[in-house]
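Consider the single chain below, provided in structure tokens and representing the form predicted alone.
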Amino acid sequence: MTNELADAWGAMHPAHCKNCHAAFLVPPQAGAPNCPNCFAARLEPMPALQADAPPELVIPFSVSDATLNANLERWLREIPFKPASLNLRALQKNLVRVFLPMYLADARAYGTWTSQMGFDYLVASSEERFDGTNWVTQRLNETRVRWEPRAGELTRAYENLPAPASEAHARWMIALGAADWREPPFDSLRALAFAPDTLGNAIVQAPDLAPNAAWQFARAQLERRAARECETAANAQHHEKFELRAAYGEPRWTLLLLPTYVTSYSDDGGKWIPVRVNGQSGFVNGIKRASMQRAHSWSIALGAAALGAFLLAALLGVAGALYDAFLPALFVLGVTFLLCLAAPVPLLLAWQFNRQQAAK
């Protein structure tokens, strides 16, 4: 890293993961942390990053500790037979702050557009129904859509068009709470101008896409915004088959850093599973896994209890035969039957939970 870049980034040093090949800037006190992208290897120092220009904007972490802990605890709540490493204290201990990169593009479009615009209108009708004694006429209002072709010219500048700076962008956005990965779950209006002290002790993941590779995504966002604006200008409520034939000015690119928390837990096989938290909204997302080993231990314990109850029932049965008192033996035998039914339940619950999670 050149002296100029070192001044811009502060004491951050470049590192990379040999497993997933992601590149990072790491604060000196972080040492050699696990890769926050794949958790399959530790980050190793490297001479320089291919893309090491500092960002222009940073969205700061704004989730309070109380909200963060409450959201993590809520996320944990429905997991049965949690692995030993899956608890609130362990998740807090493994928590790391990571900034993810994203581009914002400013571009101007000049051209023409065509579309089918939909206009809502009401149709009044009536329905006859029998209320048990008489026929009653009920008035109904139904909303329908009238489609009409529209066309026009468009000359407009569009700002802050989101575009990916990484190949994993879509996966990140969905994991951090986006209903549609093209609409990032962050409020970029709260972004601050970049300075080294805005990073705190967070790790920064470097972009692995150049701006020119992200233009097609920014252009798609521009066309979506243009379609909504043309719909509004036509006083329509719907649109379809929107086509924009336009020339675009040279876009201006801004690199924005998004705040996230990353923590992890290990499954029965020792594999570390990431849990990601939106550093602005507090949304928690991660793969949930019940421990089949813990469920197996519970099933063995219930089976052992059933065996012990059966032996006790046998002893009570022998005693009952001697003293003509079988009622205690029958009671313990009933308990034995219930324990036998309960023994496979932990395994079935854990298996079904993991199967449901895998299907999501």
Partner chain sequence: MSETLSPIPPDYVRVESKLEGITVYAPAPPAEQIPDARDFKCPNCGATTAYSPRAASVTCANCGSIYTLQSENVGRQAAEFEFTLDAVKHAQTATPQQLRGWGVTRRDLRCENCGATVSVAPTELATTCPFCGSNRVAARTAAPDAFRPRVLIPFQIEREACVQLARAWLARGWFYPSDLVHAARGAQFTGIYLPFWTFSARVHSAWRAQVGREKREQYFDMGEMKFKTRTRLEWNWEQGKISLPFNDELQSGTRRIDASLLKRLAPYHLHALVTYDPGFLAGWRAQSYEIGLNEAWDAARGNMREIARAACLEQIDSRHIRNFSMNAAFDDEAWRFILLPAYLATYRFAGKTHQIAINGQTGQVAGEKPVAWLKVWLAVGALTLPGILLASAAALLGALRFQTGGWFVLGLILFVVGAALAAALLHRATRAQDA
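Please read all numbers here as calculations on a predicted model, not as lab measurements. Here, rigid core means the biggest group of C-alpha atoms that superpose within 1.5 Å across both forms. Positions refer to the first chain, counted from 1.
Separately, the form predicted in complex with its partner chain exists; it is not shown, and the next lines address it.
Trainee: With the partner absent here, would V58, F99 and L256 each sit within 4.5 Å of its partner chain in the model of the complex, counting heavy atoms only?
Mentor: No.
Trainee: With its partner chain left out here, work out from 88 to 96, 257 to 265, 106 to 114, 69 to 77 which stretch has heavy atoms within 4.5 Å of it in the model of the complex.
Mentor: Single hit among the candidates: 106 to 114.
Trainee: Quick one: does G152 come within 4.5 Å of its partner chain in the model of the complex, counting heavy atoms only?
Mentor: Contact check for G152: yes, within 4.5 Å of its partner chain in the model of the complex.
Trainee: Please tell me whether any heavy atom belonging to S125 falls inside 4.5 Å of a heavy atom of its partner chain, as the geometry stands in the model of the complex.
Mentor: It does: once its partner chain is placed as it appears in the model of the complex, S125 has a heavy atom within 4.5 Å of it.
Trainee: I'd like to check something about W215: if you look in the model of the complex, is any of its heavy atoms closer than or equal to 4.5 Å to a heavy atom of its partner chain?
Mentor: Within the cut-off, so yes.
Trainee: Would A206 show up as a contact with its partner chain in the model of the complex if we use heavy atoms at 4.5 Å?
Mentor: Flag for A206 set to no.
Trainee: By the heavy atom within 4.5 Å rule, which residue out of K82, R156, H238, K271 makes contact with its partner chain in the model of the complex?
Mentor: Checking each option against its partner chain in the model of the complex, the one that comes within 4.5 Å is R156.
Trainee: Using a 4.5 Å cut on heavy atoms, which of V284, L199, L222, C230 is close to its partner chain in the model of the complex?
Mentor: If I apply the 4.5 Å criterion carefully, the residue I get is C230.
Trainee: Taking the rigid core as reference, does the Cα of D180 move 2 Å or more between the shown form and the other one?
Mentor: No, the C-alpha moves less than 2 Å.
Trainee: Any chance the CA of E127 moves 2 angstroms or more between the shown form and the other one, core superposed?
Mentor: Yes; that C-alpha moves by at least 2 Å between the shown form and the other one.
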